[in-house]
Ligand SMILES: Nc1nc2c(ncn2[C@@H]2O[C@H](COP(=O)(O)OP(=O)(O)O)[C@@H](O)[C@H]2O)c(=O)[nH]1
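Only one chain is included here, represented as structure tokens and corresponding to the form predicted on its own.
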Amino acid sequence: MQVELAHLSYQRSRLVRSWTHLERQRGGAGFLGGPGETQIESDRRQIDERITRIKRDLSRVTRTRGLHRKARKRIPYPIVALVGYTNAGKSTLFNRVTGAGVMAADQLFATLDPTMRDVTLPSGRKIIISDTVGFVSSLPTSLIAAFRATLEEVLEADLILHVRDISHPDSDAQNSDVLDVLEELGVEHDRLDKMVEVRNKIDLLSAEEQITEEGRSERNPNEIPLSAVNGQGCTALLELVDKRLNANRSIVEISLAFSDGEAIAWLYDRGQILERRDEEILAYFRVGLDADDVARFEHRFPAIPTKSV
């Protein structure tokens, strides 16, 4: 629907040039009746009707995606979104770290719908990675509006990974184009500052250039070189994502009676159990929880004390 909407909007803007060779048609039989509908008016009316229907359908899709996002928020898995210029290797990287079979091709807009998979980080924490549609230079506002239902996944992400093709001769220009689109979408500047830059396709660089990339990443913690094709650097990427997402995590110690089954289940569902020690009447837990989840636990189970480590 998004592709068709973008296509129809483009087609409508070209109608004037397409039909200037046709004269006005007359309505009625023979010479009776006044001027009828021109071909361009007929085409424009049909396109407008189709655009209206698609926009109505897309609004329903947007609401559905919103419900899905609300459901995911109840499951405490952080969302990590892959963004980048089209053909930068996002889907290849997505397949590499998730084991998914998403289409990855050397063509524009190979990815048209966000795909999500869960990934277990080195710490044992689970996250959800989202593969999104690629950007292009000078992306028209109408096209951004058409793909907004898809790109909204970026706005809701806890962490953004900007995948760049550093082997491309116009890599710097592509980087600027992606940042412009993200700003136009409404991504806040502080989130852009925390965005991780994944410098992909180092396998296409010379040995000397690869060494330069390694040195560059050591100086800048927001950048990491890798090859999604052969997996070089992918483990380091997951470790960096793990570190970023755990920056706001707290380690708390909680003692629970075995009869507190609801609280125990809540901790297993929301937190990362680092240690559990069962004694006669109590179970001692050492749990990693986000600050928001610590507050939720204390609000839901006010009689159970928590101790920060």
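Note that residue numbering follows the sequence shown and begins at 1. Keep in mind that what you see is a predicted model, and the values were worked out from it rather than measured.
Although it is not shown, the form predicted together with the ligand is what the next lines describe.
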Residue 198: heavy atom within 4.5 Å of the ligand in the predicted complex? no
Can you work out whether residue 228 and the ligand are in contact in the predicted complex, taking contact to mean some heavy atom pair no more than 4.5 Å apart? yes
Using the partner position in the predicted complex, report whether residue 119 sits within 4.5 Å of the ligand, counting heavy atoms only. no
Partner proximity in the predicted complex: residue 152 to the ligand, non-hydrogen atom cutoff 4.5 Å: no
Counting only non-hydrogen atoms, choose the one of 184-192, 213-221, 84-92, 154-162 that falls within 4.5 Å of the ligand in the predicted complex. 84-92
Counting non-hydrogen atoms within 4.5 angstroms of the ligand in the predicted complex, say which of 236, 128, 204, 179 makes the cut. 204
